[in-house]
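Here we start with a single chain on its own, the form predicted alone, put down as structure tokens.
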């Protein structure tokens, strides 16, 4: 049977690839997508999500989530300042405007009702944006910590960041939500940080491979990844012919657990008050630490297996 998953995301370019992979791979059943403020404003995130699903002909409900962080009025640095020069996530994905509409129930209401229902304990929650929706759902219904069987999240980095020297974007946007989720007691948490995603970049040659598949998902993914490569030219360690596709790696892990390498089990927390370290993910690697080991953390990934997974998903193969 296909593995059920719910994708909680802030649909920009890499979330779009994750959605198409989750909807297209025969080993997976994408139950729903919940949207959250992040890469772009919430209204854009929701429209982008609908555009992606419409473009590939996937009938998957979309539930609208949080428009702002859990306790802060905005990002630590407001979006209009942070993204003044543009970047890897355009306001709207280059796809036809959506024709479908979002579901009536909010993301938080949906998550609570779903995970308290009969299918909840068999459905993985994959969070590839800020963790606001998940934190709000856990606050509204603490029993969800026992009902969510697995949480796979993209976020954090060990000792570096992509939005500040210390912090990765998803965690930095809503550090209080991230800390609340990581300390809620969910029994099976896997973190896919920048260390893993940057070790499995997708190249222009891989995009040629997707173009040859010639499905709607493959063509769209190729275009989004090419856009990412163009806009990652100045990223540290980038070869200028490839770029990380962070969020899709979380989906690949559901089908191929071995795609994540060098996986450690550590106590993990998020800095919520530091002047220069706000949003830093603190991985406690001390062998003598007495804190509960609340997450597995992947420090590497297999790029060839990741690309093979994407190609299979875009071709509709397993």
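Positions refer to the first chain, counted from 1. Remember, it's a predicted structure, so these values are computed and weren't measured experimentally.
The same protein also exists as the form predicted together with a small molecule; that form is not shown, yet it is the one meant from here on.
Only one of 132-140, 217-225, 199-207, 168-176 lies within 4.5 Å of the small molecule in the predicted complex by heavy atoms, and it is 168-176. Using a 4.5 Å cutoff between non-hydrogen atoms, residue 164 does not count as a contact of the small molecule in the predicted complex.
Shown alone here, residue 39 lies within 4.5 Å of the small molecule in the predicted complex, counting heavy atoms only. Put simply, residue 194 is close to the small molecule in the predicted complex: some heavy atom of it is within 4.5 Å. Using a 4.5 angstroms threshold between heavy atoms, residue 243 stays clear of the small molecule in the predicted complex.
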